[in-house]
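Take a look at this one chain, the form predicted alone, written out in structure tokens.
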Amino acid sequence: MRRAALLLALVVLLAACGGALATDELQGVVVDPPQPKPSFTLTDTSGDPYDFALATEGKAALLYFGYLNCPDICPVHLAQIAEVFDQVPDVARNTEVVFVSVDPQRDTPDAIREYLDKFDSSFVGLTGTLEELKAAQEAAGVPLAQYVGDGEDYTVDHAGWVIAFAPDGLNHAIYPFGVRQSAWLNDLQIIATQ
């Protein structure tokens, strides 16, 4: 009886701290029915063409459209994913994180590489012309980035969620800004094996 009371107290404590218990169910926003991986080609930080569908075939893939001057959403998503990779190396080995910069005017390939390396050197960075980036966003089904402001002093309104594709080539869930670290840890272990 005492053991059951202790377990109940632990569950209540975790709930109070905002921690979700691990489950075999996805905790992100489930996509039903799952959608197929989009096909688009952009340029990676080495200057080589990167065909998203081909390069991620048979692997889990996390696709995110963002920009380097993003004050909050982009670094939080990338940091959370990197933390899961540190905790579960098998997930890291079987998952490709693809960051597409929607700010080609400021985000050079070298700057993108330097930025991503702060989180995880395995993260792939992509860029392209405005037309190529528009086509990639349309293929992925995300709203097109909007540029707000003038000259060099502008911000970019962009899709603030990560699209998760399992090795089966289907998008089973998306992860908006504000997803808890515990949900990332739970879900990436599920997605990497689907």
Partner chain sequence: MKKPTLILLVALVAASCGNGSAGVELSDARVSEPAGPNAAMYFKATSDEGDRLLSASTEEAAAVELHETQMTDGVMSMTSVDSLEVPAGGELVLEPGGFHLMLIDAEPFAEGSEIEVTLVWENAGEQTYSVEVVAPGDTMEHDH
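Just so it is clear, the structure is predicted and the values come from calculations on it, not from any experiment. Positions refer to the first chain, counted from 1.
The next section is about a form of this same protein that is not shown, the form predicted together with its partner chain.
Candidate site formed by Leu68, Phe119 and Gly160: every one of these residues places a non-hydrogen atom within 4.5 angstroms of its partner chain in the predicted bound form. In the predicted bound form, its partner chain stays beyond 4.5 Å of every heavy atom belonging to Leu126. With a 4.5 Å cutoff on heavy atoms, Pro109 does not count as touching its partner chain in the predicted bound form; it lies far away. In the predicted bound form, at least one heavy atom of Gln80 sits within 4.5 Å of its partner chain. When its partner chain is considered in the predicted bound form, Val156 lines it closely, a heavy atom lying within 4.5 Å. Annotation for 126-148: the only interface residue with its partner chain in the predicted bound form is Pro143 [heavy atom within 4.5 Å].
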